[in-house]
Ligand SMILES: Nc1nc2c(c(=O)[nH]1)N[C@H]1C(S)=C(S)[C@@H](COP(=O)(O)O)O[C@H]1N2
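Starting off, we have a lone chain in the form predicted on its own, written out as structure tokens.
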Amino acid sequence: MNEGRLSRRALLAGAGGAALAGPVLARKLVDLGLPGGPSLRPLDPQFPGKGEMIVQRIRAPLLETPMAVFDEGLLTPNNRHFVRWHWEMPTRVDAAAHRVTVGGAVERPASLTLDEVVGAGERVEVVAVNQCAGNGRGLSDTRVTGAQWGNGAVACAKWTGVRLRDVLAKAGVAPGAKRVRFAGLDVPLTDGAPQFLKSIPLEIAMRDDVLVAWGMNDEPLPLLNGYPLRIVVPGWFSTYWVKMLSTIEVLTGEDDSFFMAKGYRVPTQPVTPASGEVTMVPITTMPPRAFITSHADGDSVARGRPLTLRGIAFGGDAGLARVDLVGAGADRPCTMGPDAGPYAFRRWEVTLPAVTGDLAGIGVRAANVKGAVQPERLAWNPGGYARNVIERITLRAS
């Protein structure tokens, strides 16, 4: 870690911490091509600290990354990283006054300053994909409730922090502990609404790569992405990556809080919109996914000329094993770029020797080292979670 690029001084961002001003009014629209409802979304305002983003909601902010951004490199720039808040986020954080309380089933409850969190153990860096569990929900063939994301509620960054287990050691985990629960500074918009709480099993919390992070791509976390601290759980959906971390609680039993017991749950068996009541469990790990980023649906390509396609893929909760181009009679393996780690985006590329006609329904299929492979058909569920169907586009020969 380069201390000069991400120092304690940078983390504290001065005595006042970080602040957020209001967004600029939108001037442009983008069509996400959502099959079940309105598809137009504002593309600009620019929220403070963010470039051009697809605006799903202003309060609490839901900002989607335009797909073209993913064609620019392996790491998603901080100013283009998607944003997802459930409740109202503070517009200012005083880093000097911020505390993280560690309680519950611990031997000595603690209230830690940022200095104490940073000093809890060695600095760790991990490159990992951060993806909303509902990414792609708006593309469901049968519309479901929730944020109608396109495929841009995902990003890849280098995260810097300290291991969660080292922060827990400051308080000492008591015998009988089963789960570790997190809360941030966001506040429900209406009276009686549940606080956003998420928890992970103790054995996951103790992993080498599960972090309390303060750095994102060698800079302090942007306020919109959770400054000054957030949880990072590589391979798991970002619902567990709690932002503006303020509370860590060790539990001895199951977590009955709303967003664990009722929200973010998926069926244990295949279902359809007509299915009755089924057993549901919390969503956890990500499946593999791949996208074409060099071209968009409906683009024209030169007939009779070679065509190079490229994009990104990731293995979900395991390293990427392969990426294959599929559809339009062009099936073939893709060449994969450098490996930044098992939880990171990986670039892929493939060249067709000559375009002979339209390429209808062409896509890429990712497989990870555990044997998980993207399916041909969408595994529908009532929450629109964990979409990983092969994403297809059509290119027109001209």
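Every value quoted in this text rests on a predicted model; they were computed, and no experiment measured them. Position 1 is the first residue in the sequence shown; the rest follow in order.
There is also a form predicted together with the ligand; it is not shown, and the following applies to it.
Per the 4.5 Å heavy atom criterion, the ligand in the model of the complex is contacted by stretch 84 to 92, the sole one of 299 to 307, 313 to 321, 106 to 114, 84 to 92. Not displayed here, the ligand is approached by Val242 to within 4.5 Å at the level of heavy atoms in the model of the complex.
Among residues of the shown chain, Asp209 is not one whose heavy atoms approach the ligand to within 4.5 Å in the model of the complex. Among residues of the shown chain, Gly184 is one whose heavy atoms approach the ligand to within 4.5 Å in the model of the complex. Taking non-hydrogen atoms only, Asn225 approaches the ligand to within 4.5 angstroms in the model of the complex. Site residues Phe196, Ser238 and Tyr264 are all in contact with the ligand in the model of the complex, judged by any heavy atom within 4.5 Å. Contact with the ligand in the model of the complex, judged by any heavy atom within 4.5 Å, is made by just one of Val232, Ala205, Cys132, Ala290: Cys132.
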